[in-house]
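We begin with a single chain expressed as structure tokens, specifically the form predicted alone.
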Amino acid sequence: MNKMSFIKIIENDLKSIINEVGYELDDVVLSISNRPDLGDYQINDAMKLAKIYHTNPMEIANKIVTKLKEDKRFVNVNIAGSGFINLSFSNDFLVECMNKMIEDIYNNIDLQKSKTIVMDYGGANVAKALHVGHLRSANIGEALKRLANVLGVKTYADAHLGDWGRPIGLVMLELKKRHPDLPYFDPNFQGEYPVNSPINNDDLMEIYPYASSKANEDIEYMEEARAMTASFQNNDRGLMALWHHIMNVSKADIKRIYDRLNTTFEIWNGESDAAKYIPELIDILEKQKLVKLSEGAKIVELKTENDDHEIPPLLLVKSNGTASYQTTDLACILERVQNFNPDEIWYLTDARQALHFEQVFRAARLAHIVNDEIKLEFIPFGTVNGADGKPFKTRDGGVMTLEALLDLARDECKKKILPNISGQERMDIAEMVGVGAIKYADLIPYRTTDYIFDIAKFSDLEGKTAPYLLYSTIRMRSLLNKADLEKYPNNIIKTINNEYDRDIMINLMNLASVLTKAYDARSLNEIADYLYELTSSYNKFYAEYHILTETNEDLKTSWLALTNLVLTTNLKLLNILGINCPNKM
């Protein structure tokens, strides 16, 4: 498997060519031209070299161009402005590269250095419904994981369930008030607790909002919930049995929703798993004399004299003896380092969590829980908003559940499917396209950008949407099926006929740089845009030429091979984005 893309090989060769004519650069970047009338690519290094060598940039550019014209891979080599070098690839070189991609798409992908990353992009709270706020972490995290895997990086994604905090205590308290005779609340009960859960997911979806709302209005109720939370965190036998029931019921429903969203996790741990490491964590911190008492609580001071903003202390243990959210996250780092020995740990949450993770990361380094080689990275994202620019809500003003959002997209996309597709098949395709519509719309903006949720726009068959991409991809597959590829066993490109198929090939040449840029930026907008550009370039070609009725066999073979390569690339990119492609729509 080649670990260097075509463009990267060219850039290395350009560096050698520049060295041959008497100049040295650490790196040469072959940029996509902003003047396609002058060439497909440009080299902007002559000006940089002119400053280093105190020479006229045109003199440097002329020396480089003279050498480039000797290389048969390049055509139309010219100089524009004060030393911008433009060039295009020869048709023969493009055909050679495309056929290598047909052999193995990895011939045009730059792999990352071998490493292991633990990724945290779940954060669903047990006993609560997944809502719109969970959408972006799931989408961006899943796509980044798939991208990292394509680039040769080993990953472990952790759902990191919120299963150890006050929401559980609230549910237990309200259940006790409604059913005080349940054995879980009897401190004298000595028997075996029931195998069947006393609560189902529908109960949880009703009880938690009720209990949460009541706690906000009733101070005594809130104090009871805090006491209940402390009791089960201190391993009260009955409450722990009840906790397991709540966990099993809620986790099954959380998995079901994540499955609909094509979001997967290798690890289904929660805060409770990290909580097991808290005694060891506190021991580490106390031995290093980092723990201080403050108004009955235990804290860790984090500020330094070089800070340009306020860094509050990390709250380790609250005055009531319970661990804070910061503490479980810090313990979770200890757990992950011990269990997975990662090179990096990535956290994906909305931008409002920035200070929290700055505190946790500082404490982890201060306590030497992670060494200097382990990278801790917070990857923030913006919010999904309604037409009013505020966080997306239901029509009655409530927070929309993630399942309701998926249903909304499915029902809207069902209108776009051919009328002859009916029954369960129609629902399955609508589900696939609807999920794709949401995911693609969510990944188009740079991740820190807020965006307006508009399902009518996102489900349109025209424009930069998943339905447009899926319909186009299905059409490529259909064309190849009609062509009966068994009659064309040599799946290679033999010739370039026109600007349309050439444009497709130039787009395909840029695959590796797009994937690398997306990985480096931790954002999928590069891939989403590229997928649209590649598909659009193919659709222009498709509209101009009748592939199946072409009488020139070399040309027909080339066009079918190119179609197959675009199809393969589209499916690879859609898969990275977590979007499944139906067979028809």
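What you are looking at is a predicted structure, and each value in this text was computed from that prediction instead of being measured. Position 1 is the first residue in the sequence shown; the rest follow in order.
The same protein also exists as the form predicted together with a small molecule; that form is not shown, yet it is the one meant from here on.
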{"property": "Candidate spot 125, 134 and 329, all three touching the small molecule in the predicted bound form (heavy atom, 4.5 Å)", "result": "yes"}
{"property": "Proximity of residue 262 to the small molecule in the predicted bound form, heavy atoms at 4.5 Å", "result": "no"}
{"property": "The small molecule contact at residue 322 in the predicted bound form, heavy atom, 4.5 Å", "result": "no"}
{"property": "Heavy atom of residue 385 within 4.5 Å of the small molecule in the predicted bound form", "result": "no"}
{"property": "Partner contact for residue 160 in the predicted bound form: the small molecule, 4.5 angstroms, heavy atom", "result": "yes"}
{"property": "Contact segment among 418 to 426, 350 to 358, 280 to 288, 231 to 239, judged by heavy atoms lying within 4.5 Å of the small molecule in the predicted bound form", "result": "350 to 358"}
{"property": "501, 174, 120, 442 - the one with a heavy atom within 4.5 Å of the small molecule in the predicted bound form", "result": "120"}
